[in-house]
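The data below hold one chain only, encoded as structure tokens and taken in the form predicted on its own.
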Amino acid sequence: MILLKNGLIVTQDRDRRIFRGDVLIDGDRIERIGKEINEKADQAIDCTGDIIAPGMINTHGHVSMAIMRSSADDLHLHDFLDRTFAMDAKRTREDVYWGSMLGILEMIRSGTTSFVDLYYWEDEVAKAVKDTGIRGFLAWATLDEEFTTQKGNPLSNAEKFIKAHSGMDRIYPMVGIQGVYVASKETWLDAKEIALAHGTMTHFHLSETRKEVYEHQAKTGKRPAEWLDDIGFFGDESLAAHGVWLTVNEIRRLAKNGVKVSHNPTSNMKLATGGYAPLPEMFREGVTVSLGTDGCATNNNLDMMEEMKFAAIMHKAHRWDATVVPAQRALDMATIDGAKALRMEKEIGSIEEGKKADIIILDGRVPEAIPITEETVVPNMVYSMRGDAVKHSIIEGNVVMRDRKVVFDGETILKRSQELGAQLIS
């Protein structure tokens, strides 16, 4: 048992309760939450003055691209794509593994306890998940064979990955689809069939750029979301990334089919592809919107606390409305709505009795956290604090970081990632 004592608990439960108290963890579950728990525990963590919060859920990224950080900056989109594709073609299984280790190290240090990944060689990412203790929702990327650098058929590769990793602790295999620009109707529907056959989800890029939307419309006569709905792809198992160039009609189609969206504000702004994801309209129509960082080639970090701030302020500025994405909504997107996006809201995303013990403790003594009260703690987390405020991280009841020191070999990760990353970029 682990007892977290005397912290300011941001529960993220249905009532969004915030109070000072204790959390008792038994095995991988939250056993009890209360004002004062006097149970004997194997270990206790003094959280006096600190914040106890649910671990954050990053619902879109390409974690192994962490070693490609800052390698294609300040470029027009076509130049950015040329450079990243050239590096991607040189990648090996080894640097996918170590890139994943680097990205996971960064995520754990900044408060992420679950992440969604879309890439190939997800078996290497799965190894990194096992070696670090994080939770991974891993979507093997599929596309038409004529466009892929994968050996073998991408759909077959995805299904083999799912079969080999289903039922593993903290690993949730999924089917990924790169996007409408490289996947035919048959690929989309075959991907969905695989997902449904194995009881998992699909994850894909959707309407990220105006070019993507207009070219697909010219080719098919329909916008991407309209087309995917009409061919019968959309469903409750669908998690779309980006959704920048969506119309209200398309948003209603997403809502009708239970499609979830991962909003990636930093990546969208940095690539300068124009537009703002229509979050207020998604909220109004009842679409579940979560938060993702995207990969380090387009962000360039994996700090979900920074992502919360950008998610709130970019829409305030765009809509000329300071109320449009309040701090509480941004925190929801990073926690409980991320769990809903993955159909895991009964297991993760909030601090409630019976749920998985995915909990972070943030340092309430850093200057940007003060003054800290029940009224200011959520705005402080969203608008002023950064990921380096995270002191401890617990995933499924296991302390994976204590006093900012991870339980695995972080130094080796940094050393090997530096070597491989420098080779790849050069």
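Fair warning: this is a prediction, and the values are worked out from it, not measured in the lab. Sequential numbering from 1, following the sequence displayed.
In what follows, reference is made to the form predicted in complex with another copy of the chain, a form of this protein that is not presented.
Chemist: At 4.5 Å between heavy atoms, only one of the stretches 372-380, 51-59, 22-30, 393-401 reaches another copy of the chain in the model of the complex; which one is it?
Modeler: Flagged stretch: 372-380.
Chemist: Against another copy of the chain in the model of the complex, would residue 303 count as a contact residue? Criterion: heavy atoms within 4.5 Å.
Modeler: Because a heavy atom of residue 303 falls inside 4.5 Å of another copy of the chain in the model of the complex, the answer is yes.
Chemist: Consider residue 276 of the chain shown here, and say whether it contacts another copy of the chain in the model of the complex, taking contact as heavy atoms within 4.5 Å.
Modeler: Residue 276 belongs to the contact set for another copy of the chain.
Chemist: Is there a non-hydrogen atom of residue 155 within 4.5 angstroms of a non-hydrogen atom of another copy of the chain in the model of the complex?
Modeler: Looking in the model of the complex, residue contacts with another copy of the chain do not include residue 155, since no heavy atom lies within 4.5 Å.
Chemist: Considering only heavy atoms, tell me if residue 266 and another copy of the chain come within 4.5 Å of each other in the model of the complex.
Modeler: Answer yes; at least one heavy atom of residue 266 falls within 4.5 Å of another copy of the chain in the model of the complex.
Chemist: Which pick from 241, 102, 334, 116 sits with a heavy atom within 4.5 Å of another copy of the chain in the model of the complex?
Modeler: Going through each option in turn, the one that passes is 102.
Chemist: Taking another copy of the chain in the model of the complex as the reference, which of 231, 87, 327, 182 has a non-hydrogen atom within 4.5 Å?
Modeler: Flagged contact: 327.
Chemist: Report whether all of 13, 249 and 361 sit within 4.5 Å of another copy of the chain in the model of the complex, measuring from non-hydrogen atoms.
Modeler: No.
Chemist: For the stretch 384-399, return the residues whose heavy atoms include at least one within 4.5 Å of another copy of the chain in the model of the complex, in the order they occur.
Modeler: 384, 386, 387, 388 sit within 4.5 Å of the partner.
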